[in-house]
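Form predicted alone, single chain, as structure tokens, below.
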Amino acid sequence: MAINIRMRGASKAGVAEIKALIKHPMESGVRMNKATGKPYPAKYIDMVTISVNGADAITSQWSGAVSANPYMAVKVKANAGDTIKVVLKDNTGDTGEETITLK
């Protein structure tokens, strides 16, 4: 299943602020289902990569400690017309990506 990402960004003086809203349950695997008494299976984003014009700018590792539907805001060196791509992968193998061109 693909991970849904809504993203926007703007560049000012060579620095772009990238904002992304990610739709994902971010289940840590320790929360219990009260009806069955069993834990919900772990499902969380574990790798985030942000690239500018195809070159990796930020690579980060996440864990189950991040809240559901996380919001991410980062600043990278980029100018108007540059292409920003965010790629995500979760611990179950699901992936998501979104690309924008800065204005």
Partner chain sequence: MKRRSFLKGTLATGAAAVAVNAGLLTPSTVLAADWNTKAFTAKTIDDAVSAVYGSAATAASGDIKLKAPAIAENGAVTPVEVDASAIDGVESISILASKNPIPMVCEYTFAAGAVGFVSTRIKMGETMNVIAIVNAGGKLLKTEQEVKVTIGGCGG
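Residue numbers count along the first chain shown, from 1. Remember, predicted model here, so these are calculated numbers, not experimental data.
Below: the form predicted together with the partner chain, not depicted.
The partner chain in the predicted bound form comes within 4.5 Å of no heavy atom belonging to Asp82. Although the partner is absent here, Ala42 sits far enough away that none of its heavy atoms falls within 4.5 Å of the partner chain in the predicted bound form.
Among residues of the shown chain, Thr95 is one whose heavy atoms approach the partner chain to within 4.5 Å in the predicted bound form. For the chain shown alone, Met32 is not a contact residue for the partner chain in the predicted bound form, no non-hydrogen atom being within 4.5 angstroms. Contacts of stretch 5-24 with the partner chain in the predicted bound form, defined by any heavy atom lying within 4.5 Å, are made by Val15, Glu17, Leu21, listed in sequence order.
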